[in-house]
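Next comes just one chain, in structure tokens: the form predicted on its own.
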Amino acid sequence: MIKKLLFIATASVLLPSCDKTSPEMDFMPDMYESTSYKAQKEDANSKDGAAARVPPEGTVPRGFQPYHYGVNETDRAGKELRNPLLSTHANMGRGQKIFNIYCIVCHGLKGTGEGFVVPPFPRPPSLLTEKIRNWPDGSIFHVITRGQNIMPSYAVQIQPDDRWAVILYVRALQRAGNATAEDMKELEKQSK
């Protein structure tokens, strides 16, 4: 009992009063009242005088996927990159949707190079040619990512997974435009 009373007496003396007549103690106020700088302004406390900080070397932003192939490394990309997507109905549909948004204006509905903007601009190569059909998926991914000749890079507009889905759809266009006897047999099996 005496211990209990001693504890209550000590606690009432040590704890601040609840009447709010005295200001509360701020513990480390710099944590929530930090100095802020406007973008592109100067900061006298930094080494280079700039308010904007350079990220530490070797850091990568969240969600960013570095691409380690230069503009003229189509062959290397073709050898090293593999399509991670399976040829499913959903992936094919996604590829068709993205193709119809970004690629159809130049390459046309069937990928033959008869797009809507062809008369004033040079005709792009047909995606159904033997040359493009023989390209590995990684080479096509590289061209979409980095661009080629007058085709610009679509790395900003088309996310990596969507680029791979477009390649699946392009492969379907190639098979449809260059059907073989084996393709026809497969089609007959699927229709039964």
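Note that residue numbering begins at 1 and tracks the sequence as displayed. All values reported here derive from a predicted model rather than from experimental measurement.
The form predicted in complex with a small molecule is left out here; the points below concern that form.
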Subject >> Options 62 to 70, 34 to 42, 148 to 156, 48 to 56; stretch whose heavy atom lies within 4.5 Å of the small molecule in the model of the complex >> reply: 148 to 156
Original post:
Applying a 4.5 Å heavy atom distance criterion, does Gly138 contact the small molecule in the model of the complex?
Top reply: no
**OP:** Using the partner position in the model of the complex, report whether Phe116 sits within 4.5 Å of the small molecule, counting heavy atoms only.
**Re:** no
**OP:** Tell me, yes or no, whether Val166 is in contact with the small molecule in the model of the complex, where a contact means a heavy atom of each within 4.5 Å.
**Re:** yes
Original post:
Within a 4.5 Å heavy atom cut-off, is Cys106 in contact with the small molecule in the model of the complex?
Top reply: yes
